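The chain below stands alone and is given in structure tokens; this is the form predicted on its own.
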Amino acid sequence: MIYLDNAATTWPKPQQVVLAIEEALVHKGGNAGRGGHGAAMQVARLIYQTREDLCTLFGMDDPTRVIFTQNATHALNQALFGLLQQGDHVITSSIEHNAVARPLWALQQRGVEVSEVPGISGKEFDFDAYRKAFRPNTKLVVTLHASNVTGTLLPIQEIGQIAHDYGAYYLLDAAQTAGVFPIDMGRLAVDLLAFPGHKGLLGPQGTGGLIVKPEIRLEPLIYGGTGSLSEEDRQPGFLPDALESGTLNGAGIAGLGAGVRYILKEGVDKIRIREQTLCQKLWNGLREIPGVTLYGSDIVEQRSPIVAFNIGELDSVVASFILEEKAGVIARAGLHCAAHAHRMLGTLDQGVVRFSPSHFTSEEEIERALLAVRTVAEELN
């Protein structure tokens, strides 16, 4: 198997992640926050250590403002539904994942006003239109950091700074960039950061989080037991408890922490450069194959580690199936839960095939994947 679907979930995981999960399951029992005994405290310490590690990675200094969620989608919903109310206005981009697009649609049905900044391929974010979109009731700007279809990076510092100039908050969806690109919330004009644990952070599925800067208060998405203020019916008002009802995924968070520590040790820059090198090799090889259409920027530094393409008029899902059946190449095809981006690209009917290597991918695997695409393209002609 040649695994090139790391934008969906990274694989393989570092051995440290696997061992941390095993250690938590086999040797550290208990439920964090549910009891003062040693078993519960062991898991609580693991969870708090991961909060601290995430603060180190993302440039925050208060671990209590790291909220654990099931995934980035959960984190985005917590931020959007926790902040926006009827009569508020929110601005977003034209290439968002359904993790943003669908909550915003639901909020529109509740009286929240939504504006989408238009974009075209090569100019995915129109700053003139963005500035004109602000209204007196604009409360939030929300965008992804990098498109999960083409990998195109948005200029998040400028987007966030303009949002602040107009008195709005900025929510960043870092699903494709957390652990791959440096994100320093102490320097960036980002107020809320949603991230998955199972992609660039190299943790297990079922983990993710939301980081919230101190001046922001969110209404909980879920209410229930937190292990604190148990004598009261009302939800605790302090973080992280206010937004973390129910049992946390202790073993998963232990694995996530191990993934973050692996990244901190290896270095985000080293990981990014390796993945960009592999993407450049993919891009250069694919553009030499007759009948292949590439999408997004040809400058790898302007993309997350994603290369999107089509083979002639072949349906992308069919192309992906053939690549796996004939050569064991694992890719993602179709619409990638991002119809807005495909409308902009003009690929809503065909979708695209998406290759996304990790720094564990070998150059030999890249060569074999390119050979597989060439073989399919030649058979079509």
Partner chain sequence: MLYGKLKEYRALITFPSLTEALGAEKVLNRYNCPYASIPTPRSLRSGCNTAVCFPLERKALVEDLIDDGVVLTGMYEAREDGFFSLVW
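Residue numbers count along the first chain shown, from 1. Predicted, not measured: the structure shown is a model, and the values here were computed from it.
Another form, the form predicted in complex with its partner chain, is not on view; read the next lines as being about it.
*Asks:* Check Q85, P136 and I216: does every one of them have a heavy atom within 4.5 Å of its partner chain in the model of the complex?
*Replies:* Checked in the model of the complex: no contact with its partner chain for any of the three.
*Asks:* Heavy atoms, 4.5 Å, its partner chain in the model of the complex: which of 175-183, 141-149, 107-115, 237-245 makes the cut? Say which one.
*Replies:* Residues of 237-245 come within 4.5 Å of the partner.
*Asks:* Given that the partner is absent here, does H340 sit within 4.5 Å of its partner chain in the model of the complex, heavy atoms only?
*Replies:* No, H340 sits far enough from its partner chain in the model of the complex that none of its heavy atoms falls within 4.5 Å.
*Asks:* Given that its partner chain is not shown alongside this chain, does L348 nevertheless sit within 4.5 Å of it in the model of the complex, heavy atom to heavy atom?
*Replies:* Because no heavy atom of L348 falls inside 4.5 Å of its partner chain in the model of the complex, the answer is no.
*Asks:* Can you tell me whether T64 touches its partner chain? I mean in the model of the complex, with a 4.5 angstroms heavy atom cut-off.
*Replies:* Taking the distances in the model of the complex, the answer for T64 is yes, it comes within 4.5 Å of its partner chain.
*Asks:* Test of understanding: in the model of the complex, would V318 fall inside 4.5 Å of its partner chain by heavy atoms?
*Replies:* Contact check for V318: no, nothing within 4.5 Å of its partner chain in the model of the complex.
*Asks:* Heavy atom within 4.5 Å of its partner chain in the model of the complex: which of A32, M60, L335, L314?
*Replies:* Contact check passes for A32.
*Asks:* I need to confirm a contact call. Of P103, G227, G119, P220, which residue comes within 4.5 Å of its partner chain in the model of the complex, counting heavy atoms only?
*Replies:* Residue within 4.5 Å of the partner: G227.
*Asks:* Need the contact residues for 34-50: heavy atom within 4.5 Å of its partner chain in the model of the complex, sequence order, or none if there are none.
*Replies:* The stretch touches the partner through G36, M41, A44, R45, Y48, Q49.
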